[in-house]
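Next up: the same protein chain in two forms, each one alone, written as structure tokens (structure 1, then structure 2).
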Structure 1
Amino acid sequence: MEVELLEIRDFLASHHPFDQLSKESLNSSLGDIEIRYLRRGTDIDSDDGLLDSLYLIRTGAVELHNNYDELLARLAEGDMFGYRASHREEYENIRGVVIEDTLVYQFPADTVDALCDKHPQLDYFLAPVGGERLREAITHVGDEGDAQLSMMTAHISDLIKRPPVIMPPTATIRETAVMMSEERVSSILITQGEKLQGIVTDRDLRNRVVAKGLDYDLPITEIMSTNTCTADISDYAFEAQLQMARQNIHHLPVVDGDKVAGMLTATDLTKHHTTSAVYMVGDIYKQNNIESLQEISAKTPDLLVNLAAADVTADSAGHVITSVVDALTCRLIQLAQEKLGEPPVPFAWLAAGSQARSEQTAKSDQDNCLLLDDSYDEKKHGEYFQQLARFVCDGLNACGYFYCPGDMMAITEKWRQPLRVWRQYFSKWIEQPEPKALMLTCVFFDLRCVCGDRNLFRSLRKHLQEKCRGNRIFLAHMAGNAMSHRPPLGFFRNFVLIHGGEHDHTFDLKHTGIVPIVDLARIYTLAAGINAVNTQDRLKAAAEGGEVTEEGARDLQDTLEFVSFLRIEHQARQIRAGKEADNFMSPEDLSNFERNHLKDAFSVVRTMQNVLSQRYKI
């Protein structure tokens, strides 16, 4: 093969989607490729075969204009235009303008069609840009997942293989034991109708019946355990295992709403591969001092590296990483109570921001607050909760979750208040949405109860929903604030980079890539009164509730997954290199495949932001 043809083949093989084609397919197409040198100022239009040929830029730059001479895009090395790559009904009269001396490879339409017929990857890539192509990208980057981490994506419903074995509360101990023997189960659920009343295990029969010589004809309610922990059938399997590790239990009833759905046992889970996160959480609850918790927390960066290496989804990785800081928070609260005594009034420790959304990575500060019962009296109880908040926040900082730069933590008195005060806060922010209030809502409208009285939190959440639902003026302010976080994509589909300073020639994947999607999802859920906090869950629920189209929600979900995946990969590379993880990425760190699809991702976000701005007339 001639040297020039070999160079063309190697160039194609290094650029997506041609890197998906076999050498044989690339070789067979080389004879049909026309090599063209285009001088600056040359026009490429339909008369020149623009829509009948696929152009791939080797060097140089080309602008695309519509029939009104409006600039649509500026393309450079590795970009494609023409047949299928530019063909949309609204752009039938598109033309190219060569703005630098340019070398292009021109593929005839028949050659493109033949390659697409043989290679679905190429056919899918040449579909319209945006959500569809992003879905192909996500499949590509995650197609080598490690089976050892299947629990990161498996739901409990995937593990439940049989209907629940149940008995009514009127059954005797003997009848229950006979049922367990016949069904060959080590535990049984006691139900009234479809609702769970309690659970009985083999251990209960041994310790509470045989060892104590209890009458076998007594009702089973005499020995059953009540107020048991449960898991929802839609939860991830790893979340169930973490819960069992925290509570030191081996049987976990599974519910679907108010109905009993089945039983999950430690044996069910050990049949699946697990991750170090489960053992980290288990170890956290065994520690009695902050120094030991620091040692365990120091393993979190390695955990992220392992998750990245296994190609788990970014959403699953976020849940896993967040489960560690949740466990640290709960254990620190337990240690604080051992030191200070029982709390004088009920309270709920609330996580805010990325921890609340279960979207943490290796680089996180702490956002939290204390919600206190309305019986709270500052003079009587203030000192206790001040010391508790200080102990927990100092402990989290020692474990690598540094203090919030904006002091949005429970150690700040303003964010350590009774329910009535928190209601006043939210009412004021919603009724008077000035800039600082909007900034606070972006933190405190993402809340999750990590530890304590969940009923307190439910009351606050209900108040928030009632104030926001249908409040178009407030939502318009929220939407306007969200527009301040724009994806780093210029008018010509080029990345807008930071210039100067420590992060010169980079863009911020968190604040300009992920935060805009988080903002959109938050507004959708506030408008609909949806309880979901995780961004993926919010987008799904918003589509189901009609706040956003199914296609729009799916595109944003795929965009969030792709951008978050790149962020985790970036942080994992930094950790492996012995550097501190951050959110600043240079385009040079991306492959051509990743650059193209990241531009698609940012285009999706910009489109959905524009739709939202029109909806609220920003």
Structure 2
Amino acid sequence: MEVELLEIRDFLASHHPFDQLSKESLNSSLGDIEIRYLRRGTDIDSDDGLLDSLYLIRTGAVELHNNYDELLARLAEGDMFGYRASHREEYENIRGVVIEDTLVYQFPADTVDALCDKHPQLDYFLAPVGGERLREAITHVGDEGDAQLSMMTAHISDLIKRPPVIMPPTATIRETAVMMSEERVSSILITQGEKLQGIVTDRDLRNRVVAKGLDYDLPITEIMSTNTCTADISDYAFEAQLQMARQNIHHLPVVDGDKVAGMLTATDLTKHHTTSAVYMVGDIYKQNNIESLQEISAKTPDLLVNLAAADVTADSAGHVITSVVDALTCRLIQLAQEKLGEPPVPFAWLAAGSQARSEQTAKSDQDNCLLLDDSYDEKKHGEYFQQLARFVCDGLNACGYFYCPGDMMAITEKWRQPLRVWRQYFSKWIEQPEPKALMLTCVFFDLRCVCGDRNLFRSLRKHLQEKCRGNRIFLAHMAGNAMSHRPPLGFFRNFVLIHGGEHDHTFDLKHTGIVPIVDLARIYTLAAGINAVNTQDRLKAAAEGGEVTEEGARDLQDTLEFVSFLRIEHQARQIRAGKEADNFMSPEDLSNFERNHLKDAFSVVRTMQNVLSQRYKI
């Protein structure tokens, strides 16, 4: 090429995907350009060669319509359409309308194919499936610190490398100690059959045997700790780490249902990484009043900034941030019990919405409810639980988790009920679905037991799943609601283009990017009777169960990660600038790269929404 074409090369170089090409590649592709001027009002359809060339807009604006005359996109400087670019959304009869006098750089189809052969970066960008691109984008943004914090999403099963070292209760102290030194372990599990009886650590041998001059031939049961807490093999490793911080222990037996599955040590975990969140959570359990809890939770924004700086995945960050509010909730319940006494009947404190899904960020309201044992008698016990709920919800509000505007909280009497009433609620919502009621109660279809009697929660979940499973009418209603949050069409200059051609000045990351995916995942979960609550987990489980295609689920998972990551970075930027974090991003703040990948994200969500609405014939 002639160096004198710098003006044109610089334009290409500042636009995705050409920005991915080397200078030399750009220079050699300049010769392939044809320049055309399209006057306002010009129509370009497939007869005019719309799909025979790839068009890059230099100045001006063009709209794309389908054959129902629906607006598909409005494009401006730096945007592309035509060959390959328009396949992105699999439009069939696509028509271009020039809405401002436009200068275009045109690459004939065979040139585009040749360029794509030569430059994989272009080929990738001009591939029809947006999900592939998003996957690439995520590795692009997250690869640095990811490994360090992968344990946030790792399950305990990923960390346990060897079968547990065990001894029967009949073994002597000496035999146990010999076994421990042979196996080079600092702790050992005492099991009867596959059932866990207790645990013995190096420290026990020191404190309870040597220091006390105990006979080594006594049975090991003399010195083992029996009421040890355990972790389930399917729990998050991070939860186990929190549990160990909370209890100040270094060994945690792991069970798989009733069976002993292994031992998790503090070293296993610190091999990975510890974050300030763990210390925050440890701190929370040491506080005795609201004021000091407030002080700690005021550091949550800093935590988010640190997570963003460490380049962790959005999914991990969600787990970490949520662990703070979980700990706050548990500590508030403990403090309430210190004040009010032991609970008169068993209860389970359930988190709803984003806390339940472990997807909180800097800006979250509280959504929760209280599930009581059926032995609950309002006259006798009502006062206790009302005060407990008041104490916890007020505490959360004081700590920055503000009261839910829709009163979806345990302080609302309606949401502080025994199991039988909750069952009735769900029966009614599921059997006689009303769109408006469902919109409000939707938050209760994401539930997680944060504190209290897990069995109570399991009974409710079982009931809910039995009612939902295969209930097409209910699922169709949920699907209908899910369609109320549609992603935008794309961007037009520094505006967000929404359906019908309207413009928005900002892009609502939450409602147009994240909520639609959360909604889709919830429906798959309800349809298939899946336990998972976290959206990433739900999508994975739904794909395994065949509720959604592997590819569809993967596209949604990556899209969610991409948009959530953008949100975390956006909020971290706001916090660093001393502003309050929100969910609104201006298109001006988006890089070319982000803009293009967001368009892919929108198209993935739209495709999956369309699949769902066809399935439920909405």
Partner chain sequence: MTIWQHLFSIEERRNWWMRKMPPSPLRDYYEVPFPDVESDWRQVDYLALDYETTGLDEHKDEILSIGYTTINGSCMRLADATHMLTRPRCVIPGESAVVHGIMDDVASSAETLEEVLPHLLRALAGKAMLAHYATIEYHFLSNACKRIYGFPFVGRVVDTLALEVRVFRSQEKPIQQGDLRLANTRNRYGLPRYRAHNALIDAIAAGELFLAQVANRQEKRTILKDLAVVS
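All residue numbers here refer to structure 1's sequence, counted from 1. Rigid core (definition): largest C-alpha set, two forms, superposition within 1.5 Å. Quick caveat: nothing in here was measured; it's all calculated off a predicted structure.
In this pair, the copy labelled structure 1 belongs to the form predicted on its own. Shown in the overlay between the two structures, fitted on the rigid core, is a CA shift at residue 562 smaller than 2 Å.
Relative to the superposed core, residue 583 undergoes a Cα shift smaller than 2 Å between the two structures. After superposition on the rigid core, displacement of the C-alpha of residue 225 between the two structures amounts to 2 Å or more. In the core-aligned comparison between the two structures, the Cα atom of residue 171 sits 2.3 Å away from its counterpart.
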